[in-house]
Structures are given as structure tokens and as C-alpha cells.
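As a starting point, one isolated chain is supplied in C-alpha cells, in the form predicted on its own.
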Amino acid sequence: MTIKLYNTMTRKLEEFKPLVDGKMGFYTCGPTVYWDAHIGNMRTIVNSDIIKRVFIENGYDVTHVMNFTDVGHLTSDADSGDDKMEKGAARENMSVWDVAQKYINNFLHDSDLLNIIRPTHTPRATDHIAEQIAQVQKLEEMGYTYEIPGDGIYYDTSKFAAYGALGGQNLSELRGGARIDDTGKRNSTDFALWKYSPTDTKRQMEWDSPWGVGFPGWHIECSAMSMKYLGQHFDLHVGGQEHAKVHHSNEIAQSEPIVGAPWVTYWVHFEWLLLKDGKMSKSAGTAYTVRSLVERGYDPMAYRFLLLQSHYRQPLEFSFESLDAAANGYKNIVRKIADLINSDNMGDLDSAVYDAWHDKILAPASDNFKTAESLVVIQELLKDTTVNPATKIALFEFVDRLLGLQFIDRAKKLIALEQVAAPAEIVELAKRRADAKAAKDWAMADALRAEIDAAGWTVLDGKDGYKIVKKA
């Protein structure tokens, strides 16, 4: 099936054409591992995972690289402030290496909770210092760099005519009226390739280089690592929309003089997850993590389901009310699939019907990753009484591969829980609740349900009576 995606560079919806037939290589800007990734950060990771799954289900051999930034990302994108990693180490009274490993482990744990397929390669910036130095040397030899004494080696963006094209700007617009502080920069858009270690303090992360002891700038790592694992030209680069105008524009500027243009064929950027009052904030305590959602009792698949009901190019406002609605919608689908698995009239897989629905589900996902439209088709499938249970179950196995929502897994767990016999005291409470309902004593019925729920069980009411099941 043809895959279409919106290319930030051209601002057009384009048909994907691989550099190598049947293969797709792409790079995701990963986390700076000085703190936990919040659920807004994880929206980028889920969207990246969806892209990978769509390509896989369309028959592509996918090589996916996602970096861990464990050095060089300063608190300001303008190459000033503290290194976030060093700041994290001071905050937690740990070595910077231990901080990096802690938050890499947390990130991978949260990714697993969201059923993210692990990338093919997950390189760390600190493991690729030699490659970064080599690229800076090449740029230096080509005349693209200059030194700011006591600061570091900088990229001269005036030497790269296409600078800012990804962000929809040109150099004259970017520099129009721009004030250059007394930093030594030649141009306001210039950026650090290699920073010198400060003379008054000792950094935990620093290396020898041709220019002196120091550490790489944030941007050079992605160019060096993507080229190492994907080659000098590759298909797709993705990341949050905030990266287009600075980080990704800098990557292009430092890569294309070395390898030629275009370095990357397609650029895809994801919009933010927002709160009602704006962006998530660690200081305000609103930077929720996947683990914190689980601690509140949410299935992480409910959060993934919420994300897939929106389009990656549109901002999504998060609230616990919207998460509750997504959780209920997700549980309803799981309940219906469990009923299909328990069906007494399973039937045989109907290949023709399977193929038709398969393509109907895959088509919107392949058209610029419109997962919300695929979810609408899934609801239509559940309602279609002409499709037998065996075919529907096979289709949901495909849906789980495509969207990663683990419907079949959750349905099987639900069935297992329902087969656990409730203890006598819970059975008695449920009977008393049924009697209270029959007597229209709703207050008593609600109180008894609450007591049952508190004990780790729940009562499911149906046309033929009620069922007592163990909570997940």
C-alpha cells in the first residue's frame, strides 16, 4: 500500500519513495536523560512507533535509530547555561553517569509500558565522541567553523545558504533586527560544535580534542550517530515540532556540506501534548510520567489509545477527564474482543473478508498516519454482524501489530480474571446488592458496590443477571 506523509521540508503531503527498495531507515530524536520523560515527551515516542509499525505492516524492512543525549545539551538552546546532565547530577547528588543510566532505564521502562517496539539502535552521545570530533574536523577543513577563545568551536551559519529552510525561514529573516550579545558569535544563528571545559570548575564529562579539553555541542551528536548507523543519506528524520527551527536546522547545516543535499529525504514533526494552561511543567508538578498514570490506576494502553484518537500534526490537550473517557472506550473494545474469544460460534477464518477489512484499516494509517480514522474502522468492524468471530479475532491481531494497543492480550487477561471464583463473602455482598437493586434501594446498592470494589472485585450487570470478576 502506498504510504503518504507530510514532509516539513517541502510543506507538502508526499508519497514515500525509499532510497533502497523495500527498506526504510529513520532517526528519532530521543530524550536528554537528566530527568524523567513526561507523557508529552512520550507522545513523540508513540508517534514514532506508529510510523515504524505502519512501514512494517506495509512490508518494509525498517532500521530505526533513536539516540540518548547524555552530554552537551545546555539549558538554553542558544549554547548558554549549564549542561543539563551536570545539573541533573548535582540535583540528585549522583555521578552524571549514574544519572544517565537511571533515566535511560526509566525511559525504557515507560516505553515498554506503552508497548513501544525497541529501536534497532539506541546509541548514547558519550559513546560516539570520536565520531563527533571527526565531523567537526571535516567542517573545520571545509571552512565552516570559527573559534571563540575560551568558549569553543562554532558553526558559521552564513556559510550555509539554505539555513532555516526546514523552519520556513531564510537567513535574512532570521537575522533581521537580531541583536548579537557580546558572546563572540559572528551571527545570532551560529551554534556550538565543541565547547571548552570551564577553567574554574571540573566537569564530570569532558574529553581531549584537537581544540582542547571539552565536550560536544548538542546538535553534532545526532548527525554523527545517524550517519554511523543509517549511512550518509537516509529516508526519514522525526522529532517534536520544537526542533524544526533550531536543532534540526542545525543538523542539516552541519551535515549537508559533508554529504551533499538532501541529507534526509523526509522530515516529520509531531505536535505537543498540552495541558489546559499550556505546556507540562516539572516545577509545577504537571509533568506526569507513564508510571505516575499507572500509579493512579490507569492502564498505559488507555493513554496510548487516547493519543491515537488524535493526529500527530495537531496539538492535543490532556486532562484526566479525557483519559477517563479513553480508558472507558478502550475497556469497551477489550470487553467485546473477550466476548469474541469466548464465542460458541467461532466459525472459520474468511480470507476474503479478512483482506478487505485489513486494507480498510491499514489505508488511513498509511495516509499520513491517520490512526483516528483506523480506530473508526475498528469500531465498524466490531458492529458488523456478518463477520464471524474467527475473522474478527485475526483482524484484531493485525490491529495490535499496526497500532500496538494490545487488545488481544488485555482480552485474554480479562477472561482469566473472570474465571477466578469470588470468595463467599464477595458473593454474599453481590447477592445483597442485587436484592437492594430489586427493592430500588439505590443508596444501599451503591454502598455495597463500593465495598466490593474496595475488596478488589467488581460486579458486571447484564441482561441475564450479574457477573463477579476480579479487578485487573
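A residue's number is simply how far along the shown sequence it sits, counting from 1. Everything numeric here is computed off the predicted structure, so don't read it as measured data.
Heads up, the form predicted together with ligand AMP isn't pictured, but that's what we're talking about next.
For the marked spot (Lys360, Ser374 and Leu405), a heavy atom within 4.5 Å of ligand AMP in the predicted bound form is absent from each of the three residues. Taking Leu429, Cys29, Val62, Ala411 one by one, only a single residue has any non-hydrogen atom within 4.5 Å of ligand AMP in the predicted bound form, and it is Cys29. Remark: of stretches 49-57, 418-426, 436-444, 29-37, the one touching ligand AMP in the predicted bound form is 29-37 (heavy atom within 4.5 Å). Ligand AMP in the predicted bound form comes within 4.5 Å of a heavy atom belonging to Glu271. Proximity of Asp324 to ligand AMP in the predicted bound form falls outside the 4.5 Å heavy atom cutoff. Not displayed here, ligand AMP is kept clear of Asp151 by more than 4.5 Å at the level of heavy atoms in the predicted bound form.
For the chain shown alone, Glu206 is not a contact residue for ligand AMP in the predicted bound form, no non-hydrogen atom being within 4.5 angstroms. Using a 4.5 Å cut-off on any heavy atom, the residues of 239-262 that reach ligand AMP in the predicted bound form are, in sequence order, Gly239, Gly240, Glu242, His243.
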